[in-house]
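This document opens with one chain alone, in structure tokens, the form predicted on its own.
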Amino acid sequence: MNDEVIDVDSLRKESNWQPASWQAFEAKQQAHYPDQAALQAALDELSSLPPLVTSWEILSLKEQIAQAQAGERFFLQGGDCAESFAECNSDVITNRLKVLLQMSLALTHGLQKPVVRVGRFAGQYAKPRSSDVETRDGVTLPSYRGDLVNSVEFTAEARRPDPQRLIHGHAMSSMTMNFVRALVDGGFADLHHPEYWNLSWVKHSPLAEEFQRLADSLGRAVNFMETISGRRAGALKRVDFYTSHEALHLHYEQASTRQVPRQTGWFDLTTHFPWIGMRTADVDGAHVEYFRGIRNPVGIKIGPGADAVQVQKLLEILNPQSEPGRMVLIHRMGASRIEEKLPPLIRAVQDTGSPVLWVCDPMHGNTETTGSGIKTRRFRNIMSEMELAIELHHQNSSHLGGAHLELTGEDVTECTGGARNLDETDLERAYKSIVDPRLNYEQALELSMLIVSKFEKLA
């Protein structure tokens, strides 16, 4: 980019959108590759590889999001803050899928509506950074931008952006998706046997007995339906499952943006549900321009710094036809600021008449650092923001239709509080995240049950 002022409105009106249209706009949070020829070679290879998802899966998700916008479904999005290539293994993937399935089981049973299951994985390899560089002991190197770009080790070689990581990231995502599809299609989510989903250490959880009662109740309901119908509910053996990631690395997304037979327009085939992060949601920026042209349902992270004009402009650019199922607004205000910041945005969106799905991310606005320098989140603040979000939408004639969470199926200790009342001393026991703290299995399941409880109180 040069310093020339760009007339964004004229540029959007005059040009027909193409996957590379974003390159005429200011692109934030992009990696700086020293070898441009190597980058182009990697992108050429990526563009010839098979896609990770299909257009019909994307359109199916869009239909389900439209139903969630109408209050007929609940949207559950969860997974790692940043995937790593090293954790592309069967145990990690299986446990991550288990916790999302168990949460959706609790939500489906308690809310009495289907759950849209979206995993933050199979592509969550790039992360935004507050600075392009990091300095330690007088040495300055490029910041770690996720395994899609460079490596976390603090050496010049590890931090050098490597275009071949784009190819490797596509392969890791493909293996993850293939394994998830095989598990789901093979009956891993069979509601006849919810006990199969239990993790090996769930028996130690204070919530184990409550979850067991929930699973038994659902099992009896399934058996009852089959008894009165006289046939086995085969459809209950599998569930729909979708992937999502922050579409941060625009060259990577562009390389898999394609037209498909018997469909109009362009699809980002790296994921079913891409979203724009808070740091790149500039209405005149490259990310918004890229998202403008794809047919996927799209999310936007909305922070406490967003104002009514910006949100209305984003809806105007990204969904000019007010298409149902297209827009998901993921607000992340923090427990201490949501009561002030969220209601004006709800009213601003209502004024547009545009259909949106409101989703609460109670994680990012509640991050803090302990006295010993460990990044964490307090479970009580996470739950407080979630409860306040439900209340505020209700008070403003709106509806909170989903939750966006950073979680893992591993027995980590990264967030304090929860049923076992983890404290700061527990963080050192099993803190594994290299970026942001995640809910562990017990905390995630507890949160899903508390969400149900809050909605029941407002019913």
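This is a predicted model, so every value here is computed, not measured. Each residue number is its position in the shown sequence, starting from 1.
Not on display, but discussed next: the form predicted together with a small molecule.
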One stretch from 122-130, 251-259, 84-92, 315-323 that, in the model of the complex, holds residues within 4.5 Å of the small molecule by heavy atom: 122-130
Selected contact from K341, K301, H109, R295, since only one has a non-hydrogen atom within 4.5 angstroms of the small molecule in the model of the complex: K301
Listed residue (E385, E246, D268, E289) with a non-hydrogen atom within 4.5 angstroms of the small molecule in the model of the complex: E246
4.5 angstroms heavy atom contact with the small molecule in the model of the complex for R279: yes
The small molecule contact at E414 in the model of the complex, heavy atom, 4.5 Å: no
Heavy atom of W275 within 4.5 Å of the small molecule in the model of the complex: yes
R378, heavy atom within 4.5 angstroms of the small molecule in the model of the complex: no
